[in-house]
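Only one chain is given next, in structure tokens, and it is the form predicted alone.
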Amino acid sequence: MIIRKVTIDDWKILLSWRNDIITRKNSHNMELIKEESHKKWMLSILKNINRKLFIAIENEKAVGTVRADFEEKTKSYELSWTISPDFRGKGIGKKMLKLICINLNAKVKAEIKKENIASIKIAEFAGLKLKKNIKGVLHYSN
């Protein structure tokens, strides 16, 4: 697996993953995202020095994405990830998040809905530990 930075050319695949019903169910924002909004969001991400957006490639296929938002106050990255619907259940998320954590070499955290068992397993595999549960949102960090 390789991890590379996202480019604007990745907008279409990222939008399809983001609007997938399972991704939306597990996201804080469960709304369907429109193409124009997504393109604007992507452009803003690519210009923001405190946000990093990566795409994971396995056997020459895009398989997942991770966003890392740097928080100056805590000197840590908040992580958010999505696995391509075609590659769920194959260990891609575990491998991808572990690589991101190693490459960032920093304090990281994630907020995961308690019913999102797959993301809980991914976070724990990457070395994140459960720190607190606030209204059904589990807060993990390393």
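Since we're looking at a predicted model, the values are computed, not measured. Residue indices: 1-based, along the sequence shown.
The same protein also exists as the form predicted in complex with a small molecule; that form is not shown, yet it is the one meant from here on.
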**Study point:** 4.5 Å heavy atom contact, residue 122 to the small molecule in the predicted complex
**Key:** yes
Review point. Would residue 82 show up as a contact with the small molecule in the predicted complex if we use heavy atoms at 4.5 Å?
Key: yes
Exercise for review: Give a yes or no for residue 86: in the predicted complex, does one of its heavy atoms lie within 4.5 Å of a heavy atom belonging to the small molecule?
Suggested key: no
**Study point:** Contact label in the predicted complex: residue 94 to the small molecule, heavy atom within 4.5 Å
**Key:** yes
Review point. Exactly one stretch in 74-82, 33-41, 101-109, 53-61 has heavy atoms within 4.5 Å of the small molecule in the predicted complex; which is it?
Key: 74-82
